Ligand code: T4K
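The form predicted alone is given below as one chain in structure tokens.
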């Protein structure tokens, strides 16, 4: 490589920081020998599904860990959301944020329930309880908040609002397994909560999810509905579908749980390295965790203030990608700007100013057991270098591309 290309950003012809891409959400792997032994056991007893012994053990472990009476393991978190909201007879309209993965909204819309998108709190990432009141109508049947990034939303206030309007609350806690709120484990709030154990989650079962609740009647109904409504061998007593978790998924889930302390500690160390490397970088705000609570440290989330950095989110994403750092714009551009919702509610963004503002700033960065502290230090050093030369980098990128999302807002340029 010529001398004038040494030290250049890869997007301008330099050598990438990493030889292979570092991704957000690479699966954590537990003890392989333990997993193989469990798989051998499955093959020996030849019970592959239909709530075999490993699924029952997995359910017991989850219920004990979060402190609830019931855990119903599912094939994935989306089906878990669909079944529990149907079991609660949600209909017409349900209040939920747009700042979430699309599955939250789709789980409702799939059942012809309208997701009514509520704005997030100013300066925050979670549902604004004060705005919920404005959206309650006679058609409202429930509230579906999201514990985003593993950071709990304002649970107490949301529950207070819900109680006033007598609306059941189901928490989408796909990100929040192993986390707590005011010392109590996530999973024990609302009428029910839903976890995801998808491969990208810090505890995974390849695919998988669960409904957790202390409501005995609801648990019985959910368990019926996730197994075609069967009660016993031949008696069908309720409408249902197939939402069951398989034995091999439970084997992976149990193996993951055994490594949970190591996964959390690795994530915590990466988070600390990101915090140390970014805390003085202008225009970068790392979303912090309350370390007084239980936390999985699963997501590294930054807000990029392009008015200070002179680099847009789209530019930063491309810069990092060229360096083999596969950052993501979770959950850009928001559920309300995806189909079918943007066609149903073309002006929804006018009611979601805080959501729209945040979605233009957020990037998630690689972490997990496939990413080392040393790699994190290289990532933060690179981001600091980009921001240090932000204006010249931004101008050069805009000259190279006519992409609209590369343009700095006029309010910043004024």
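Because the structure is predicted, anything quoted here is derived from the model rather than measured. Positions refer to the first chain, counted from 1.
Note that the form predicted together with the ligand isn't included here; everything after this is about it.
- The closest heavy atom approach of residue 199 to the ligand in the predicted complex falls within 4.5 Å.
- The ligand is not drawn, but in the predicted complex it has no heavy atom within 4.5 Å of residue 221.
- Of the heavy atoms in residue 336, none are within 4.5 Å of the ligand in the predicted complex.
- Although the partner is absent here, residue 76 is a contact residue: one of its heavy atoms lies within 4.5 angstroms of the ligand in the predicted complex.
- In terms of contact with the ligand in the predicted complex, the residue from 271, 181, 330, 289 that brings a heavy atom within 4.5 Å is 330.
- For the residues 313, 103, 264, 162, the 4.5 Å heavy atom test against the ligand in the predicted complex is passed only by 103.
- Picking from 271-279, 239-247, 303-311, 77-85 the stretch near the ligand in the predicted complex, with a 4.5 Å limit on heavy atoms, gives 77-85.
- If you take 219-251 and check each residue for a heavy atom within 4.5 Å of the ligand in the predicted complex, you get nothing at all.
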